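Just the one chain here, laid out as structure tokens, in the form predicted alone.
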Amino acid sequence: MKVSIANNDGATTIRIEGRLDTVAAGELEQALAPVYEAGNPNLRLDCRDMEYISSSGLRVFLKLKKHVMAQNGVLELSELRPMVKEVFEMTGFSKMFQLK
């Protein structure tokens, strides 16, 4: 898994590439530490290159959502692949997140 973070248009964009499995979920949490510290409440998760998400990955997304909500921010997920989107729909996460 690869994570890249960029600030633009008043929001922080986080691009996730590869498989977000149990091992990668821990790596993602470490990569997000500067995002939590920066305090920008508006985040975009670019998921076009995310091939898979496990329950551990969903947990990281939920933690990030709680952080954003506590700051009255917006978290949107964009360009989910069909298989990943199906996981979001089956788990009810599609109702909790703004999917674009």
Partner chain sequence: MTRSFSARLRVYVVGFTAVLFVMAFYVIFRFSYSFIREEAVHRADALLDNTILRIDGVLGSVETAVNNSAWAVGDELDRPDSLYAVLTRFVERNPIISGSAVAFREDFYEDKGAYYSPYVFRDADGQIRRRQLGTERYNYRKKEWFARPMQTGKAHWSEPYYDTGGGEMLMTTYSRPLYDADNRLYGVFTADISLAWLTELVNSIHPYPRAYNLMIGREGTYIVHHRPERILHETIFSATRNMTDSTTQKIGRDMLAGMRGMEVLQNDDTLSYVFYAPIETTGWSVATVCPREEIFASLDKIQLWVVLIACIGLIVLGLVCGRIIRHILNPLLRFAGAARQIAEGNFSAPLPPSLHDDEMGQLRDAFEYMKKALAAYMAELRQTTAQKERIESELRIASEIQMGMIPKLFPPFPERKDIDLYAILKPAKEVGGDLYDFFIHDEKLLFVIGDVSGKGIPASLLMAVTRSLFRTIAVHRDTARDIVVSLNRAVADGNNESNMFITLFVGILNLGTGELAYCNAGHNPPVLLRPGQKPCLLPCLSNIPIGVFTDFEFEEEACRLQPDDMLLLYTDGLTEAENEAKELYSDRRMLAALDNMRGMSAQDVVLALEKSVKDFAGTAEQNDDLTMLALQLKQTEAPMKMELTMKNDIEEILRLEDFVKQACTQCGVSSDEAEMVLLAVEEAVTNVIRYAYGNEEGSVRLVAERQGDSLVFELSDCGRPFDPTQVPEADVTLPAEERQEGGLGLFLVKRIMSEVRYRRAGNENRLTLMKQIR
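Residue numbers count along the first chain shown, from 1. Predicted, not measured: the structure shown is a model, and the values here were computed from it.
What comes next is about the form predicted in complex with its partner chain, which is not displayed.
Peer 1: With a cut-off of 4.5 Å between heavy atoms, is D21 one of the residues that contacts its partner chain in the model of the complex?
Peer 2: D21: yes, in contact with its partner chain in the model of the complex.
Peer 1: Answer with yes or no whether S56 is in contact with its partner chain in the model of the complex, where contact means some heavy atom within 4.5 Å.
Peer 2: Within the cut-off, so yes.
Peer 1: Find out whether any non-hydrogen atom of M69 is located within 4.5 angstroms of its partner chain in the model of the complex, and reply yes or no.
Peer 2: M69: contacts its partner chain in the model of the complex.
Peer 1: Taking its partner chain as it sits in the model of the complex, is R44 near enough to touch it, meaning that at least one heavy atom pair lies within 4.5 angstroms?
Peer 2: Judged by the heavy-atom cut-off of 4.5 Å, R44 is well away from its partner chain in the model of the complex.
Peer 1: Determine the residues of 73-99 with a heavy atom within 4.5 Å of its partner chain in the model of the complex and present them in sequence order; the list may be empty.
Peer 2: Residues within 4.5 Å: M83, E86, V87, M90, T91, G92, F93, M96.
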